[in-house]
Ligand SMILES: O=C(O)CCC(=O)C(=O)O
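Quick setup: one chain, the form predicted on its own, written in structure tokens, and binding and motion questions come after.
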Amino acid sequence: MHRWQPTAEQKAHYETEGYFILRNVISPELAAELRGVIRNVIMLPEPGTFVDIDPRNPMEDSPQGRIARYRKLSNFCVQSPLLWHNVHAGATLLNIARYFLGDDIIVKFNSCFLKPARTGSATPWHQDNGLWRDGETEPFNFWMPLEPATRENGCMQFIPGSHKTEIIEHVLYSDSIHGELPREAVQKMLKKHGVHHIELHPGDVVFWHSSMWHYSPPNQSEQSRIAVAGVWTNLEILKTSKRFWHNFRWAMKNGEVCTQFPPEPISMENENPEEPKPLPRTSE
């Protein structure tokens, strides 16, 4: 496998802004196939235990109502061979991750993010490692839309350069769907650094640092937005973790893509695991 190398521009953008984008990583035809896999699952009456209900969910018992119920399928991709072999353990994407992580690559998290037309809710401003709360800062994150991601349908927003901050303690507001960065701090960062709207075509991929401050607004358009995302890591990073996760799967060993399915799990025991305290709540 020819080793991928970032261009000087991509490398500089990742170091200064905290992210970079690659276009046409998979074909539009493959993106449509993967989108079909996800749509088939979310239309089931009971799609499984890996779903997060969307707070704006209309709860209609119809095919379109079922599509609108969910905001996320967590740990779903290890159950779908087409997604796994083409994305999280896909040779093209792993070749990019290899530059940052070396020849032994592990999938830490895998998810499908759903933002249905008209009902898809916002994802609050957060840092990924601020939600993980395991002390890790060097895993490599990616997000790939399977439908166009535009300003109108809730594309991600990044605060450029925010990856250079420390990990900020996240909080819960009365209307939070999960932990988020303090809203006052977000407004200060936006005023200082501005925002980048990450508009992407199906099959494009954005890669970012786990300390990046990012957000996506609600989808009030007529166009849904389905995406696949994940986090890769390696054994050296995992050894520094304060927590023990159960999601680890091998994606590459010694520079060779792992083709086993179901993916091979990794058994790692943390000698001193820490269960994080509940996130603080605020009355604001």
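Counting begins at 1, following the sequence as shown. Computed from a predicted model, the values in this text were never measured in an experiment.
Although not depicted, the form predicted together with this ligand is the subject of the following passage.
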Counting non-hydrogen atoms within 4.5 angstroms of this ligand in the predicted complex, say which of L73, L93, M156, L146 makes the cut. M156
Identify, from the list N86, S80, T123, S211, the residue with a heavy atom within 4.5 Å of this ligand in the predicted complex. T123
Given the stretches 188-196, 125-133, 97-105, 166-174, which is the single one in contact with this ligand in the predicted complex, using a heavy atom cutoff of 4.5 Å? 125-133
Heavy atoms within 4.5 Å of this ligand in the predicted complex: does S224 have any? no
Please run the contact check for A229 against this ligand in the predicted complex: heavy atoms, 4.5 angstroms, yes or no? yes
Would S216 count as touching this ligand in the predicted complex under a 4.5 Å heavy atom rule? yes
Could you list the residues in 110-125 that come within 4.5 Å of this ligand in the predicted complex, counting only heavy atoms and keeping sequence order? F113, K115, T123
